[in-house]
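Single chain ahead, by itself, as structure tokens, in the form predicted alone.
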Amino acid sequence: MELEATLGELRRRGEGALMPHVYFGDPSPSFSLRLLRTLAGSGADLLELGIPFSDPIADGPTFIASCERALSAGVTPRDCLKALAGLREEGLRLPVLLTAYYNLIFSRGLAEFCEEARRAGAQGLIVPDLPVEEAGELLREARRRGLHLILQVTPTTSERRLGRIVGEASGFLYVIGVEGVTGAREELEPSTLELIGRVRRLTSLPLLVGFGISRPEHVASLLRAGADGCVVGSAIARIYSERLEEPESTLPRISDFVRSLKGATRRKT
């Protein structure tokens, strides 16, 4: 369940990490629980559990719709934490990163939110709208509780900022592979592979690449470029959103999709 131990073991095996991202509560909490169990049983190495927010500025249309459906269903941050705690009680052992926009954390109180996340069983936080220049207080509160605050780099990150981010980072670095918002894409941008190389020259921390990953060949290309894994979210949400009246019927297809991505992580060399 420890993040560093999991990523370290994968690296020793020459295997990439696969982290699916799910916004909890879309289209219902009961489906999200089944989806998370399916992902854990289909090869996921880590899980990113998103807390739905009304203005998810880093997200594209697929995840914006996910947040809207979850909020319409009445899902709250407390519901997300309770769901994670329940999965831990069931025996879920994978590391889990909670994704929350900063307003949700600030309104609860940084210390209180970090403590509740720790008690629920999270290993870290991803805050898409928190720049490193303003992250000092949350970094301190997270570290006091053994949580990693996962920092992000993008193709437009300057060398100076990149050095600062690398200096503060722990757990892994989230490499945002596109200039834009989340969403599955057909092809990887050359700038994505270049960014991996830029970051790798500065740190030995694991690098997980997200935004736009939707095919096994994407995963293989990222690993060959020096990444340690990938994050896949919108491509999963697109599958079940095709059958919102009966999303459970898409779970076998989602399982097959995740297994195909995980298979690509085992062909790193």
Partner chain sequence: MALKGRFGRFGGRYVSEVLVQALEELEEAFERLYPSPEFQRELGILLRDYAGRPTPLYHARGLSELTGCRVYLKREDLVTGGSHKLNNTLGQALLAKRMGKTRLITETAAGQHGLATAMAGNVVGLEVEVFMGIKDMERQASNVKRMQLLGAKVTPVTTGSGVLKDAVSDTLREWARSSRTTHYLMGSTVGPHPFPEIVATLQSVIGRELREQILEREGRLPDAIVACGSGGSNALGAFRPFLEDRRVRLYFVEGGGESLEADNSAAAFQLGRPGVLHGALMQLLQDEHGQVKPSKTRAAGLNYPGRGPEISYLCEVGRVKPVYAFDREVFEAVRITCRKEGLLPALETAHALAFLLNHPEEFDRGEVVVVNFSGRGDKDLETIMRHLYGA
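Numbering follows the first chain given and starts at 1. What you see is a predicted model, and the numbers here were worked out from it, not measured in a lab.
Keep in mind that the form predicted together with its partner chain is not shown, yet the notes after this line are about it.
Contact check for F31, S72 and R93: none of the three has a heavy atom within 4.5 Å of its partner chain in the predicted complex. Heavy atoms within 4.5 Å of its partner chain in the predicted complex map, among the stretches 129-137, 81-89, 142-150, 116-124, onto 129-137 alone.
Listed residues A225, L205, A58, A44 were compared with its partner chain in the predicted complex; A58 is the one with a heavy atom within 4.5 Å. Although the partner is absent here, I64 is a contact residue: one of its heavy atoms lies within 4.5 angstroms of its partner chain in the predicted complex. For the chain shown alone, E68 is a contact residue for its partner chain in the predicted complex, at least one non-hydrogen atom being within 4.5 angstroms. For the chain shown alone, T157 is a contact residue for its partner chain in the predicted complex, at least one non-hydrogen atom being within 4.5 angstroms. Contact check for V166: every heavy atom lies farther than 4.5 Å from its partner chain in the predicted complex. Looking at 87-107, the residues that come within 4.5 Å of its partner chain in the predicted complex, counting any heavy atom, are Y102, N103, L104, F106, S107.
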